[in-house]
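One chain comes next, on its own, written as structure tokens: the form predicted on its own.
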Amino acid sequence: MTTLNPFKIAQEQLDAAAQRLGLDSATHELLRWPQKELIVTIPIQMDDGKVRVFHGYRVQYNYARGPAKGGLRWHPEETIDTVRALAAWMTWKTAVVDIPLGGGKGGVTCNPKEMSETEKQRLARGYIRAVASMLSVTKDVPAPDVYTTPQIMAWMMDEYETLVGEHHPGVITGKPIPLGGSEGRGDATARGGIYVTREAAKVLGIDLREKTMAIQGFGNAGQHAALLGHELLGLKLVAVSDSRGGIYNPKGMDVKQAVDYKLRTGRLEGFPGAESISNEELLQLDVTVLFPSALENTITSSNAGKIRCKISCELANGPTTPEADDILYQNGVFVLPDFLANAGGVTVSYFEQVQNTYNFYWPLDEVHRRLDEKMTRAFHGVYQLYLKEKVTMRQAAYLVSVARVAEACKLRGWV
């Protein structure tokens, strides 16, 4: 199988939007590349006394609209191109929900599943020491992402504050609540996706009560999507998968039991009352809502024609390739594109920054209300353009966000 370069895909998606918007060549070229990137080596002493050298990255894609913002991924296959692509998507994501931030992303090539808590803490602190010059509440604010937790964020914040010698809780978001984290951050990515799924169902005339959902990827976003999809929309979970494979029961599964089982055992296989199913088979189930919630490039030109869901709500970043997008559009699958569908996470991270800045914290219902408002407005802005321009929802979302970033670059006199 050919390896798809996520950054080339991100550039292709931008190129199409730039052409449709009639962007001048200088603005187009500026938006095709990160404004700043840093690649670092991080020597860490492991528990056995040996030193291992890790490779880390931080990319600030565009900061015309505000400080860069974006998660930190710890993954064995992390590369600079993955981080570039994710930083680009973060730029469009903050613009599409209209929050005053730019886009950034970071990562470390490592396997946290094979590391102890003390090794993770050393790596978290080592990473911050290596990239601290790029970070501050007015420059770049990291957040959690794949395999990084509130605890890891807490260590990073503490290391940054140790380096600068004063409190700066807003420099890292996704922190534990006692250290200035926001209520509602834990399920924000999924909750934002559920809000836009609700709005999509309204415009499509679909009543979601007792309809089916399948979830590919059962980490933080996938688990919360299962719980909230059931609780807020009345959806029935019929299939779910993780990196090892999945489980399926056409009659539906108890969502809380499935989440508890995964948290308790670390896997899905063996869940009582369900048969096993592959990730590939799960994607092709005839369900009302599919939540691709794993990694990039899972829906490609080779399997897009077999996808039968009515709505695909992309909680993962970059799960669908451009060729697959066209096939889904032709086949009438309504795609809620990643940088709209999963923007709930960065939106509540932004709320966390705001609360940190004026040192006053909102109750949970206030966070939910403001998130709902932001996501609903963003969905309808994109949907109106989708109808008007007769393009895919992803292209419509690009038109909204690229126009906003281009305008900020022009107002600054950069182009």
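Sequential numbering from 1, following the sequence displayed. Source: prediction; values computed, not measured.
Separately, the form predicted together with ligand NAD exists; it is not shown, and the next lines address it.
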*asked:* Counting heavy atoms only and using a 4.5 Å cut-off, do V146, S241 and L295 all touch ligand NAD in the predicted bound form?
replied: yes
_Residue-level question: is G192 within 4.5 Å of ligand NAD in the predicted bound form, judged on heavy atoms?_
no
*May I ask you to check whether K310 falls inside a 4.5 Å heavy atom distance of ligand NAD in the predicted bound form?*
no
*Taking heavy atoms and a 4.5 Å cut-off, does F218 contact ligand NAD in the predicted bound form?*
yes
_When the contact criterion is heavy atoms within 4.5 Å, does L315 count as touching ligand NAD in the predicted bound form?_
yes
_For the interface check, one of 121-129, 315-323, 158-166, 225-233 should have non-hydrogen atoms within 4.5 Å of ligand NAD in the predicted bound form; which one?_
315-323
*So which of S136, N279, T79, S302 reaches within 4.5 angstroms of ligand NAD in the predicted bound form, heavy atom to heavy atom?*
N279
*in the predicted bound form: members of 64-79 within 4.5 Å of ligand NAD, any heavy atom*: R73
